[in-house]
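This document opens with one chain alone, in C-alpha cells, the form predicted alone.
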C-alpha cells in the first residue's frame, strides 16, 4: 500500500485530513526543499513513509492574510513561498532580515525547520521573529497561540516551541512574523587571509568590535565575507574602510550588481551544494565562535566542505556524493555524528537524496538536547503518534 498525497486548501481541510487519517499517520512534507528533515527521500525506493501514511503538503495553503506595514507585522499561510513574502515586504522597504535559506522554501517549512541565513549574526534567528501561529496538533485540533503584536507577554510562548519542531508536534497553517526596515544601502566586501588561523582571528576581532554587521561568513578558503547595511552610500564607505583597519588588510569590494546574488547563494548554500549536485548530505551544526577551531580540526582531516555562517553561530557542512556510494557516504555521516557528539554539538541533516536508514529515521546528529522535555510535550499534543515521532522512525 503506497502513501497518498493530500493538499488541503483551507485550515478546516487540514484539520479534517489529520483527524480522518489518525490511524494511518500523517507526515508533513511542505515544499520538499529540505527532504531529509521530513524523513521522506525523493527516491521512491528509499521512501520511509509508514504503510498507508498520508503525505500532507501545504502547497495550496498560500497567501498573505494580513500585512500591517506600520505595525511591522505580516501574517501568511504556511504554504506561502518565502520569495512571495520578500516581494511584498520589499514594496514597503521591509524584510525578513534573518535570511530564510533555500530558494523555493515555504513559510511553514522555514519555521518548522528553524533555519536562518547570514542575517542571523545581527538580527537573530527564526524564533526572534515569530509572533503568533495557527496550527493543528495530532488530535486534529485547531490551536492558536501568540498575538499579532510585536510586544507580547501573554502566557507560555507556544509559537517559539514550533520553531525547529520539524513537523513532529503539529502542522502549521498560519504564521505571524515581525518584520524590520530594509537597509537603504547594502555594501559587501571580501577579506582574503592566507590561512585559517588568521581568518578566524579576524572573525573574532569583528565580533568584538562595535561595528554592526548585517552578515559575516567565513568561507573555506580563509576568506571573510562581510555585509554592511547603511542609510546612504556616503555612510557606507567610511564603515567599510573601518573594517579594513580592524582586520589589518584592505577589503576587496563586491560590485553592487553582484552583492544580492552573492548573499542569496550563501543563504541557499549554493557555495557548498551547487544546483544539481544535491545528492550528498548538507548538514547544519549549531555552535559558537569559540568552538570553531575544534570543529575545523575534524572537518579539515575529513576533507568535508564547510562554511562558518552568521558570525560563527552555525556551520554548514557538505558531505559530497559526486559518485554515490551508500556504504562510504553513510559511514561518513556516522563518523561525523560521533565527532559532533564528542564535542557536544547538535546538528541536522537538512538535505541528501540518498541517506541510509539511520539518517532517514532521524536527521539529527551529535548532541541531542531536550529530548525528554520534547517527549513529554509530544505525549500531550500527539499521544497516538499520528505525526512522525521525534526520531522520525516510520515504525516507532
Partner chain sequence: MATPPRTQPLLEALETHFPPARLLRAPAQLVPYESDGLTAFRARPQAVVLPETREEVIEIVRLCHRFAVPFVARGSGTSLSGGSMPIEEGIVIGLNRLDRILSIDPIDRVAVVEPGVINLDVSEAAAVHGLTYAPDPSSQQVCTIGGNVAFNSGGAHCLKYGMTANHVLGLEAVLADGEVVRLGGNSLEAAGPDLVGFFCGHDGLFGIVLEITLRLIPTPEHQQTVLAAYRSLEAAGHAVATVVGSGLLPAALEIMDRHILRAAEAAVGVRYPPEAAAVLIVELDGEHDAVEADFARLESLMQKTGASSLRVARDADERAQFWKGRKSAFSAVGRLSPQYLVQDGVVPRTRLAETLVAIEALSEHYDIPVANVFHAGDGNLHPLILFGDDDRLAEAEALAAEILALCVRLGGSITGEHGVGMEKRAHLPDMFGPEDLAMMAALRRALDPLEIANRGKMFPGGEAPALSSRGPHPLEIAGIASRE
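Positions refer to the first chain, counted from 1. Quick caveat, the model's predicted, so the values are computed rather than measured.
FYI, the form predicted in complex with the partner chain isn't displayed, but the following is about it.
- Using a 4.5 Å cutoff between non-hydrogen atoms, residue 370 counts as a contact of the partner chain in the model of the complex.
- Shown alone here, residue 364 lies within 4.5 Å of the partner chain in the model of the complex, counting heavy atoms only.
- Under a 4.5 angstroms non-hydrogen atom cutoff, the partner chain in the model of the complex lacks residue 91 among its neighbouring residues.
- When the partner chain is considered in the model of the complex, residue 68 lines it closely, a heavy atom lying within 4.5 Å.
- Heavy atoms within 4.5 Å of the partner chain in the model of the complex map, among the stretches 254-262, 295-303, 178-186, 83-91, onto 178-186 alone.
- A single residue from the set 281, 218, 96, 116 has any heavy atom within 4.5 angstroms of the partner chain in the model of the complex; that residue is 116.
- Although the partner chain is not shown here, in the model of the complex the stretch 159-198 places heavy atoms of 160, 161, 163, 164, 165, 169, 178, 180, 181, 184 within 4.5 Å of it, in sequence order.
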